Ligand SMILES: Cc1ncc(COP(=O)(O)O)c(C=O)c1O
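The chain that follows stands alone, in the form predicted on its own, written as structure tokens.
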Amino acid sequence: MRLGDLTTPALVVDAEALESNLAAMAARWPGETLRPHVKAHKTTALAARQAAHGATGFTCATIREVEGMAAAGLGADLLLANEVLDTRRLGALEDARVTVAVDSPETVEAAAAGGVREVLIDVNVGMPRCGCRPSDAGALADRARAAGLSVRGVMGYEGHLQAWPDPDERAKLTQTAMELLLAAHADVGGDVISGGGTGTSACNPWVTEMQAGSYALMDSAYTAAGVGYVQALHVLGTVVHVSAARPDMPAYAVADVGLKALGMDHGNPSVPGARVWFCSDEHVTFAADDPVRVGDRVLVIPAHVDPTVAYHDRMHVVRDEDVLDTWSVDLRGW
């Protein structure tokens, strides 16, 4: 199959860029020190490539991701880095080691009731989402052990810093966040200090395992933050309309990649060699530096890779104009 044979919009992944990203992160965080986050790509075939580069454990965001990774034979050490209250499906998994994040008495009780055996204490290190106060982590760990759970350690996600524009300030703020996590770990114990992400993977030496995910495919928000990985994923589109310049309007073009094919929470996508005006349900309107024609193919760079991938049921691995493989985005849904 050739690139021109694909129905658009379509996720396409540059094979060489992908392998470059996987190798670069594996060199920085080798073996079990890297716990790639599969929420970024939701694709067991890509997770298998990460395993081939040395990763032995993976991070998941949903029960569905945990189940899918276990079914694919990638369940040696799975962390559900998310609070869940119905853990029965997790406790029923027999061929996987599953660790669940807990941050409250309720999530501890849910984990124990569902048959989960191992947990990490999730600590809020500055991002107002989940996680207990650092000062509460020790007591929560004691409660978990009293409920029969094994506490492996702590986790804390400095998500608010991942795309911080100034790298020096990002590093300083990351240290501040990790000081909170280390204080909690002193009270909790265990071998694991888990956290980090693509944006802080080069400036967070305090964790024992890195939860980076977006580095494999990348997006324009992370590229703008200068995190050191190359764009591997694009949404392939087809130009469906071209409008010539008028006295009241410059020339523009429209491709069939819109809101329903792109994660838009980080802003508009990018089109190389063009200025994106806006997106609508099924279209992106842009002004190209060089003339384009109806039927031309364009590569659209999403601003946020994770939700973009979740809109699609497959991604195509390509080299130049050749489609080398097609991978199911098989971890979608809940």
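Numbers for residues come from their place in the sequence shown, where the first is 1. All values derive from a computational prediction rather than experimental measurement.
Note that the form predicted together with the named molecule isn't included here; everything after this is about it.
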Checklist entry - Which among 236-244, 214-222, 88-96, 256-264 is in contact with the named molecule in the predicted bound form, heavy atoms within 4.5 angstroms? => result 214-222
Checklist entry - Pick from Arg133, Arg129, Lys172, Arg117: which residue has any heavy atom within 4.5 angstroms of the named molecule in the predicted bound form? => result Arg129
Next on the checklist: Quick check on Lys39: any heavy atom within 4.5 Å of the named molecule in the predicted bound form?
Outcome noted: yes
Next on the checklist: in the predicted bound form, is there a heavy atom of the named molecule that lies within 4.5 Å of any heavy atom of Ala81, even though the partner is absent here?
Outcome noted: yes
Checklist entry - Taking 4.5 angstroms as the cut-off for heavy atoms, does Met155 touch the named molecule in the predicted bound form? => result yes
Next on the checklist: Given a 4.5 Å distance limit between heavy atoms, list every residue of 190-206 close to the named molecule in the predicted bound form, or none if there are none.
Outcome noted: Gly196, Gly197, Thr198
